[in-house]
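The chain below stands alone and is given as structure tokens, in the form predicted alone.
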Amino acid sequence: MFRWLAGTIALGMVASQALAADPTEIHIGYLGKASVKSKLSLVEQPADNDGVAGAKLGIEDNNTTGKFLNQRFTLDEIRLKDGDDVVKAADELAGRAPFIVTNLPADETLKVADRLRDRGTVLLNAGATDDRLREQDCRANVIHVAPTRTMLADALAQYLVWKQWKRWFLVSGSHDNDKLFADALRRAATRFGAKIVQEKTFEDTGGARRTDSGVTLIQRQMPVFTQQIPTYDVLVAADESDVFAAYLPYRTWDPRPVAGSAGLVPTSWDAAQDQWGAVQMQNRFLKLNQRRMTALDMQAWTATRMIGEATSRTNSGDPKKVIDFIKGPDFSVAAFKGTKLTLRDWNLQLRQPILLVDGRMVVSVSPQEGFLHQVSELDTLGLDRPETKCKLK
């Protein structure tokens, strides 16, 4: 009897010790810019915590599940000011976190990836849409959560072609990023059977447009700029620099819809998204931040949730096990978009539907009906496996 009682007590002590064991700590870093670029529209000014707010909500969601597995997630954040050394900041962050969510330009993303490659640190790119990061400049330690420009352009093109709006007037800005988006739109037109009837470039001459005479100036300028164009169905704008596209709707010479960087806009997320359980997501974000959730917020949330999902599925905080699972065939993550998101193994780009929004409502979601693929309809958006130039290294 005494031996049985002693054994029972010993087992109880072991169980209590196991339950009282310190939780597995999983540190996720966030590396982005402290300053945000202003927008033309006063009602669309980005918040100072754009992006990182989504990552923090992702951490909160990870911890909701993690408490049942004795896992605890924390976010280590570095926000870069102008002139800060991004590589030095990355080194500092990598000392605490094996996974880093980034919102950096393409060149800085590559610098950080190459610097941290030998340390085993993995970046989750939540901000840069450059296709070259997934193609000729791809890296094995960078997972891409943000959609590419070609994915955004293809999503828009599918809808316009489905609507039989196949004749496009393409207007692009004069900055490099504008030209890259214009290239993606040209490729999409060719891929899905649209025709660009004419192209024009809107030169950025600088200066402030928010003046008392600004409305009058633009109202006179845009009709003339869009005059004498061959018959077209839709004006497609490539203006990532946010210089002119917002002034196009309702001001063109001919009464035509506007799409691309204004009007009907392709995006990974929008505050108007209310399908597939998104309302509860939107409400939780609004309660925490007193503002609406942006595409960058959602991309950062998804990045942190990918780590959380893989950690719970593997029941491990070991960075290698977590990343191997994310890169493997069994990984998927839910993101309130009607289908589970998975990773393209040839360039580490996250497959995802793209929303088409008009500023108030979600007009449609691509891929559109009828655009088929032998593996996944999501692979009709962006560069497919046979087209890739990526050689992961």
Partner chain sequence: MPPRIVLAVAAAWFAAASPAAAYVAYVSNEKSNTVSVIDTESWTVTATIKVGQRPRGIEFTRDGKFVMVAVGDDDTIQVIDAKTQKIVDTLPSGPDPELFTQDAAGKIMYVANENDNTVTVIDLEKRARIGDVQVGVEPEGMTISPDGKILINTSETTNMAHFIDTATRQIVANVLVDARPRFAEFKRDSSELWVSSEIGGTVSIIDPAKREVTGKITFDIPGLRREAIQPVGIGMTKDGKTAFIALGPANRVAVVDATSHKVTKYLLVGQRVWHMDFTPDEKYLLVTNGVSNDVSVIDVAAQKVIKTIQVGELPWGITIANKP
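Residue numbers count along the first chain shown, from 1. Every value quoted in this text rests on a predicted model; they were computed, and no experiment measured them.
One more form of this protein, predicted together with the partner chain, exists but is not displayed; see below.
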Partner proximity in the predicted bound form: residue 108 to the partner chain, non-hydrogen atom cutoff 4.5 Å: no
Contact label in the predicted bound form: residue 277 to the partner chain, heavy atom within 4.5 Å: yes
Close approach of residue 24 to the partner chain in the predicted bound form, 4.5 Å, heavy atom: no
Contact flag, residue 358 vs the partner chain in the predicted bound form, heavy atom cut 4.5 Å: no
Selected contact from 74, 174, 312, 136, since only one has a non-hydrogen atom within 4.5 angstroms of the partner chain in the predicted bound form: 312
Contact residue in the predicted bound form, from 195, 284, 88, 96 (heavy atom within 4.5 Å of the partner chain): 284
Answer range among 32-40, 60-68, 47-55, 358-366 for contact with the partner chain, defined in the predicted bound form as heavy atoms within 4.5 Å: 60-68
Partner contacts in the predicted bound form for 354-393 (non-hydrogen atom within 4.5 angstroms of the partner chain): 376, 377
